[in-house]
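Taking the form predicted on its own, here's one chain by itself in structure tokens.
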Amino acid sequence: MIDITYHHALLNNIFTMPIWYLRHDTRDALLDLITRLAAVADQFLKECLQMLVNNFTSPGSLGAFIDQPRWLARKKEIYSQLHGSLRMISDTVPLAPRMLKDIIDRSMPKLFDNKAKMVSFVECMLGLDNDRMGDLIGALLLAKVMDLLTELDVNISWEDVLQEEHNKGIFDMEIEDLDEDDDSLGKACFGGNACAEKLDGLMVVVCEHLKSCAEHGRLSKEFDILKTIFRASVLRVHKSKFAQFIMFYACSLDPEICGLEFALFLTDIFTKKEEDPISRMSAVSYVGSYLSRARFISADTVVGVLKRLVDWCVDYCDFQNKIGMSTKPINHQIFYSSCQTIMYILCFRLRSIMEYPNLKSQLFNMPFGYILTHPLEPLKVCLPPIVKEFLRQAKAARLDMFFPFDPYLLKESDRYMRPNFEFWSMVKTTYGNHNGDDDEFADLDAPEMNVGSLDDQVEIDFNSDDDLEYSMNKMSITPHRTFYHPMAMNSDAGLSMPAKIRPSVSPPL
């Protein structure tokens, strides 16, 4: 009979004991004791669960050896034993899953914990996201992981990425030209940024988890949870750089269902009037970047989403014609964002669409001219690089806007994204590469295109027109404070879409 008063020291030793140094049979005996103690009514459940969660990470003294083959095998074995003990306790004690949620929440790695601790904890934790345990606490596990990824992401600035002393000339070439096994990728892009290295390691863990889900027929359920988390925690994050690629990779594992579903999910957010302006503008940026970059998305899907965006723009223009439009650009930011997205998608996908006669016919029937030559003058207001590239289907200048699926720069987890990612140099344009002046245009894959220049610390009042303008500029979905770019300001007639550039008269070469 164990008494919490008389056996306090013994219990304390048991509940604080790391199992990583124990032999297999000794670990089995200790974990069997833990599961039995957890079943004692109103006594040791919390302590037992905390002891198991504490062992999600190896002791610090093992940090230098944990990646050695011998310890990798032991780590896998220990994770399996921990998962088995937690499942047994959850089956025995109905209260256990709820208490386990709270303990995991409190025990999650913090921003300044080392990479090894973060990776070990998350890897073990995600191992619970299967079978019965996944049904009970899977949503919480994924939510906590995405929160951690996002927290690390927002602590990486583009200034960290673009350190001149480390990466001179790196963006003069395309990112995919770098050897994915070359250590220079991570060092050149981040100069040893700790948050980037931690995020990179965690991305590997989460991608492996999603791959396992796909192999065991659980991806669809996992993806539904991820969509909810993305909507609540990622969509509105200011220029998230890498965390959103979890969605990209999940979609690549099942393009026909998850890939299509994500595109429609984003488009639905954009088209719903009930959604707030920032969410709608972020959603249309996401869908534009996603359709442009995801190789696994079919041309049919691209055309289908384009039609929805174009139809929305037509309805918007018609409505403005009826009510007598205001020409103040801030009143039409969502419209300009959608026009920008349409042009950006076509920069990447126009040639591939035109290879299919039925899709080419659908594209020709879309009223691009009506939208782009409307008195709201989107060609004056949208970013010049996208306007130029759309009008001549050529390499665009650097973009100061948010395209969330632009090149992925995390070295260790790059292998999960690269096979499914469309790089600009791989895009077949409608005009080929016959002119010698193409070099004047910068690379669409240059990470500088996402660099923001506005102060991240300013608080925004969403009821104020000025602050709404600021916040939308800050997201770089529309241009900076001066809405009209110099090229448009210097032209009385503004920009129009030359007939020779229109899709209907630009057959593939």
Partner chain sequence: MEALREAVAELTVYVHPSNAADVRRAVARQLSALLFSYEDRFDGVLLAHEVTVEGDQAKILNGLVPYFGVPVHANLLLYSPQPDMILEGKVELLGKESIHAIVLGVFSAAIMSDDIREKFKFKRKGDGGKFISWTDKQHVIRKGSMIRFSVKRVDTEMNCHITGSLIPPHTGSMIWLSIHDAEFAPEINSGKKRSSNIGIKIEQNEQDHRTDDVPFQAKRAAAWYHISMHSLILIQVLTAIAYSNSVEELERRDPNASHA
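Note that this is a predicted model, so its numbers are computed, not measured. Positions refer to the first chain, counted from 1.
Below: the form predicted in complex with the partner chain, not depicted.
Screening Thr92, Ser107, Asn331, Asn114 for any heavy atom within 4.5 Å of the partner chain in the model of the complex leaves a single hit, Thr92. Arg98 is the sole member of Lys76, Arg98, Lys211, His238 with a non-hydrogen atom within 4.5 Å of the partner chain in the model of the complex. Contact annotation for Leu45: at least one heavy atom lies within 4.5 Å of the partner chain in the model of the complex. In the model of the complex, at least one heavy atom of Asp147 sits within 4.5 Å of the partner chain. Although the partner is absent from this view, Leu33 stays clear of the partner chain in the model of the complex, with no non-hydrogen atom inside 4.5 angstroms. Contact annotation: Ala232 falls within 4.5 Å of the partner chain in the model of the complex, judged by heavy atom distances. Residues placing heavy atoms within 4.5 Å of the partner chain in the model of the complex fall in a single listed stretch, namely 221 to 229, out of 262 to 270, 342 to 350, 118 to 126, 221 to 229.
Of the residues in 12 to 41, those that come within 4.5 Å of the partner chain in the model of the complex through at least one heavy atom are, in sequence order, Arg36, Ala39, Val40, Ala41.
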